[in-house]
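The chain below stands alone and is given in structure tokens; this is the form predicted on its own.
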């Protein structure tokens, strides 16, 4: 396949809160990052042009239900907003390289939404999406806590785009639950900076779509930081899911745990790339990654690539991936108990997903994913 140079849909103008970066420099860096060898490798199994085409479209504010203790404000493109400057100042060069699409989205939109969480919040913050949404920055003060619920619906074949940036100060806690069950083109970007003794846990539930891409970068930035992800996905016949996850340990005495269970029906295309990156001088890190994939059809395509990148000693790490079909011994056991073969396949598939269907949105996620599994098994 010939190399095609990737380009942004139009020149991106930096918002004032980016600092001193010029428009020329910004666009050179963005286009360079889009075409960098490592970045193109991350997009190897997903068509990039449909996502780039969405970036220039206007984004709408999230539909939010704000609990007491959370404040919302809109930061305009020409604002010199200090919190935004602080959040992106030192990390801008890295963001440009790791997520040029998300950085361009920040530049194209006239506003970003900023949510400030100053204390422990008793009620969940609910975000409902059905469109292209303005970038969202969530900032938690020291010792604050938040339950964040993301629910994505939408019309058949509709396009969606979301980018969420979370900054967690020392001792803060986020329990993040996300259900993504739309069917069109859907790209999601998530970046979380986890401070000292802060805890972040994502419950991720997904279905396949015409194009679904989930990019996540979780950064354990200070001692005591903990990141955890549990994810369950059912990718139906002729649908797509691409998950790209990087967990970075930038401080000693940090921990992370990742568990991903995916089921691919016949004709589905699933990609998982999970990377644990432990920086220099970050001893006493404990990081684990598991990706298990179950194929329900002969024509399913499953690409999985767990990675470890370690630059220090005295760490405890594990990573692994499996790709297989339903266990014949389990099917035989079900048959010996009088369970019909088709029903047994459905029950075993549902049990496989239920291991990672957790958190406040688990009940609705279980209903949807179980229906998907049953429909595919009975239809096959």
Partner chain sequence: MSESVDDLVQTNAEYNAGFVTDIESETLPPGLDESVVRFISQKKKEPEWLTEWRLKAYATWQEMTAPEWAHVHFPPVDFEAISYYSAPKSQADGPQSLDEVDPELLRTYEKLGIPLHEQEALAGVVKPSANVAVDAVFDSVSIATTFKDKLAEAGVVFCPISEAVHSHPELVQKYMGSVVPQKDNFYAALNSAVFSDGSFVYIPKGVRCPMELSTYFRINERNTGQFERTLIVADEGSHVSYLEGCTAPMRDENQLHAAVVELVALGDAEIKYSTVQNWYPGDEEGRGGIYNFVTKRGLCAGPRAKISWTQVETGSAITWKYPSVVLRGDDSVGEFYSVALTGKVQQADTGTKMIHMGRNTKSTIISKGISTGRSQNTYRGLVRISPTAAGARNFTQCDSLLIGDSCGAHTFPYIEDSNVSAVIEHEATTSKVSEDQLFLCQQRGIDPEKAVSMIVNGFCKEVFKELPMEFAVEAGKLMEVSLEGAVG
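Everything numeric in this text was worked out from a predicted model, so none of it was measured. Positions refer to the first chain, counted from 1.
Missing here is the form predicted together with its partner chain; even so, the following discussion is about that form.
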message: Which residue, 56, 40, 319, 47, is the contact with its partner chain in the predicted complex, using a 4.5 Å heavy atom cutoff?
response: 319
field: Listed residue that, although its partner chain is not shown, lies within 4.5 Å of it in the predicted complex (heavy atoms), from 65, 312, 343, 354
entry: 312
- request: Please check if residue 324 has a heavy atom lying within 4.5 Å of any heavy atom of its partner chain in the predicted complex.
  value: yes
query: Would residue 307 count as a contact of its partner chain in the predicted complex, using a 4.5 angstroms cut-off between non-hydrogen atoms?
result: yes
message: At 4.5 Å between heavy atoms, is residue 300 in contact with its partner chain in the predicted complex?
response: yes
- prompt: Any chance residue 296 has a heavy atom within 4.5 Å of its partner chain in the predicted complex?
  reply: yes
query: For the chain seen here without its partner, which of 48-56, 31-39, 65-73, 334-342 has a heavy atom within 4.5 Å of its partner chain in the predicted complex?
result: 31-39
